[in-house]
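For reference, the chain that follows is the form predicted alone, supplied as structure tokens.
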Amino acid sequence: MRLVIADCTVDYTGRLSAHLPRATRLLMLKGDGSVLVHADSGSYKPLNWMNPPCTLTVEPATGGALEAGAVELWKVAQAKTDDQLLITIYSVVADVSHDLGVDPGLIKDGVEAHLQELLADQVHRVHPAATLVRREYFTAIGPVDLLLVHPDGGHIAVELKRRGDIDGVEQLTRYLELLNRDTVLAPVRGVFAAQEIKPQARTLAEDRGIECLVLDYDDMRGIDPINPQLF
């Protein structure tokens, strides 16, 4: 992991264009090759990013950038697409690198983890003809609980919670923004699944085109709620 605090501008080009004017920001370069640009606001959501596989090329500033006071140009190129992130560095406040080692991953509470396991075996609850790609599908900003293949093309990203609130919808929204940049996966639909979904979360999800799915934990485990049996 390399963390660089720098005075910089950021320009994203490719399937869309975006510009971040000059300011002091945190540049995060992860061991998986991803590059994320953060401000001192917005919680943990980056202002812009490039997900792996990608390459980073560092060059001395030249031409107009040099005349404007820049010292380096960072060119981050996506290996699968023409997307490019150009970071123009004017000064570096701090530059720290540290090997974090192998991360054991997120350990969820028993019920939520079991819900994920059960739904992975019962993906028909999401869509009758969907098929599972994998559980804990890795992205540059965290793992998606389930990634499924949609029978009409594209994929389905499923975010699982015991109790679904607005934060969970926001989390899934960020995953969808990132996954839909991948032409191999797109279009990626979102499904927000939980044992209970708060009204505000449902309203936000539906406004963003995300489907809500309420899960019956006992039914998924094959327990009859009317005539429970011990054996």
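Numbering starts at 1 and runs along the sequence shown. Here the structure is a predicted model, which means the values were calculated and not measured.
The discussion below concerns the form predicted together with the DNA, not included here.
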**Q.** Of Asn48, Asn180, Thr173, Ser34, the one that lies within 4.5 Å of the DNA in the model of the complex (heavy atoms)
**A.** Asn48
Q: Could you work out which of Arg15, Arg22, Arg221, Arg208 is the residue within 4.5 angstroms of the DNA in the model of the complex, going by heavy atoms?
A: Arg15
**Q.** Region of this chain that lies against the DNA in the model of the complex, out of 149 to 157, 135 to 143, 90 to 98, 118 to 126 [heavy atom, 4.5 Å]
**A.** 135 to 143
Q.
Although the partner isn't part of this model, could you tell me whether Glu72 comes within 4.5 Å of the DNA in the model of the complex, counting any heavy atom of the residue?
A. no
Q. With the partner left out of view, is Pro199 within 4.5 angstroms of the DNA in the model of the complex by any non-hydrogen atom?
A. yes
Q: May I ask you to state whether Ser43 is within 4.5 Å of the DNA in the model of the complex, using heavy atom distances?
A: yes
